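There is one chain below, alone, in structure tokens, taken in the form predicted on its own.
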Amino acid sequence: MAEERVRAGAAVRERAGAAVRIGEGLRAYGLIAAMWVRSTLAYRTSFLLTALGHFAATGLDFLAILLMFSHITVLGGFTLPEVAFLYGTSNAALGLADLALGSMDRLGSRVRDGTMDVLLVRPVPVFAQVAADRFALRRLGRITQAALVLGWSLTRVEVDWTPGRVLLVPLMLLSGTVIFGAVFTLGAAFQFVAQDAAEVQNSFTYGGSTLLQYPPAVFAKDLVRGVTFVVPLAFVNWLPALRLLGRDDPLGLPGWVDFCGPAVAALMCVLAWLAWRTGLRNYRSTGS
């Protein structure tokens, strides 16, 4: 009994220590991000112009969809408001993850030039430093543009709104943000080994978001299987959107799979955490 009490006490202390470390990491992230926000707002005109540029650049993707629908009425069985719903949910989720963790793709350059060593000697969690480094408030442009398209689509899609379906929309955005955030982290962990793999990371984040803007029926089934079972981006919006819009799943998966977004997001977080810890522990300085 005494040994069990000792083990239980050690487990409680370990969980308390983990909670303290998470709290310290969030506080450090907030302080670093606030520093970059103050720096950005020192030049308000420049910030507004870059945010508007970001808004316009991301809006070109939706402009291409509008031009496409000037010649067709449906795409892969989806109408314009339904494609706009896919566009809005995928871009809003990516935009939120990009705002929080978009700086992770710079880790490779830090490993190559040796500045990663500076982060290791500071009394602040390395993940918080990398994630908040050069926090870019201009990324609000993508989120704003996606929110406008999503808001328009929600007023046009033909859905019998019930409390469950209404709740599915914010749950989809939250799960999608976490999934994209985990992909950002996995890409950063991979750069501990590859050192120059930012474009590989971008192909899964920004490229994945572009893929999710269009109905799954327009892609080959092998590609749909890949983004469902290998890199589960389909849980960002494809599967819950099919449920919401009353469309058939091209893979014929059971209906309960459409609600697995939060579980997949949690699993992705665990995988990203393990990959990050492994990459950081095996990091070897360049010696410069």
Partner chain sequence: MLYAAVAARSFRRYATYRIATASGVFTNTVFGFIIAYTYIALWTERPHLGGYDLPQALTYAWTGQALLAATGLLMGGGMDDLQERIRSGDIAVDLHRPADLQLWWLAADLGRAAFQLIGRGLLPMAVGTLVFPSALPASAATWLLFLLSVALGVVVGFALRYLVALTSFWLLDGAGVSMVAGLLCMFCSGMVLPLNVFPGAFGEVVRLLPWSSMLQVPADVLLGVHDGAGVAGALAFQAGWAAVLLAAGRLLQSVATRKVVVQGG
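Positions refer to the first chain, counted from 1. What you are looking at is a predicted structure, and each value in this text was computed from that prediction instead of being measured.
Separately, the form predicted together with the partner chain exists; it is not shown, and the next lines address it.
Exactly one of the stretches 22 to 30, 62 to 70, 252 to 260, 239 to 247 approaches the partner chain in the model of the complex with heavy atoms within 4.5 Å, and it is 62 to 70. In summary, among the residues A56, L41, V230, M35, the only one with a non-hydrogen atom within 4.5 Å of the partner chain in the model of the complex is A56. When you look in the model of the complex, the only residue of L140, L75, L174, V157 with a non-hydrogen atom within 4.5 Å of the partner chain is L75. Residue contact with the partner chain in the model of the complex: V218 places a heavy atom within 4.5 Å of it. The partner chain is not shown here, but in the model of the complex it comes within 4.5 Å of a heavy atom of E199. In the model of the complex, the partner chain sits within 4.5 Å of a heavy atom belonging to F204. Not displayed here, the partner chain is approached by T210 to within 4.5 Å at the level of heavy atoms in the model of the complex. Each of L49, Y214 and L223 places at least one heavy atom within 4.5 Å of the partner chain in the model of the complex.
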